[in-house]
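Presented below, as structure tokens, is a lone chain in the form predicted on its own.
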């Protein structure tokens, strides 16, 4: 089947086989047509609103040792910090004042933040009238349940790759089955489920990326974040090539075509590789979410997943104004609600 016909099939039916997805993801010549089709599906299913979600990076400590991440526990050059509950709540209040309707609490896997420490924080942020998203890694079902009961609405936990061997090789000491257990528990407990993958992991095939998309579809993911690998020289993968921007864009478009209702962020990694235009490129390729950083001071610089991270030197207030200007410039507008997934099918 020719590329044009595959794109039309995806746009009309939201279904493709692994082989068909592999063909599209491999075809750079299909990129623009895929993006245009994804943008039409985005407009039909989630509209022209771009939902801004204020991101608080509250701890750079991590018990894990993922080979691509600057926060890995064996990175002795990582500058570690933990924000106090008071500092987190102050930033959350500022996020609300900036007009964000969701606060995202993100950290390395820092188990210092126990249920007893996190639950009061979640409750107080929820009382500010916003949605609460957690991105804190693997926890027990009981912990996830406690956070959900406290008011957390969404949980972001990337699968990174559905290639079991690749996952366990690049995330030493971690289990692919345990990762899937976490995702299943989160979904079962009533969270909106956010997941995603990295583009450019050494040994990653286009076929496995196609399987990633089918995995997202099989769990009916509510949010899918896709970003290119940006090598961090302080990690074992410091010398690998940067993840392919074209494949990243085609992945975003394909995800929109197959998961038309999903929330899809334009990630900071794309903005880092394509300054002042990366987010717009992805917003025009099917995305509808941006997560501006509201962390302040030294912590904003110390949360160094990879080098050269976009907007690190900007103030949160500047980020808010900048994003609104850029979103309006592409004919879109900022969503005035929390941006929960809208079920239309």
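Just so we're clear, the structure is a prediction, and the values are computed from it rather than from any experiment. Positions refer to the first chain, counted from 1.
What comes next is about the form predicted in complex with a small molecule, which is not displayed.
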Within 4.5 Å, heavy atoms only: does residue 229 come near the small molecule in the predicted bound form? yes
Flag residue 45 as yes or no: does it have a non-hydrogen atom within 4.5 angstroms of any non-hydrogen atom of the small molecule in the predicted bound form? no
Residue 68: heavy atom within 4.5 Å of the small molecule in the predicted bound form? yes
Is residue 158 near the small molecule? Define near as a heavy atom within 4.5 Å, in the predicted bound form. yes
Does the small molecule come within 4.5 Å of a heavy atom in each of 106, 198 and 305 in the predicted bound form? yes
For the chain seen here without its partner, which of 117 to 125, 203 to 211, 185 to 193, 68 to 76 has a heavy atom within 4.5 Å of the small molecule in the predicted bound form? 68 to 76
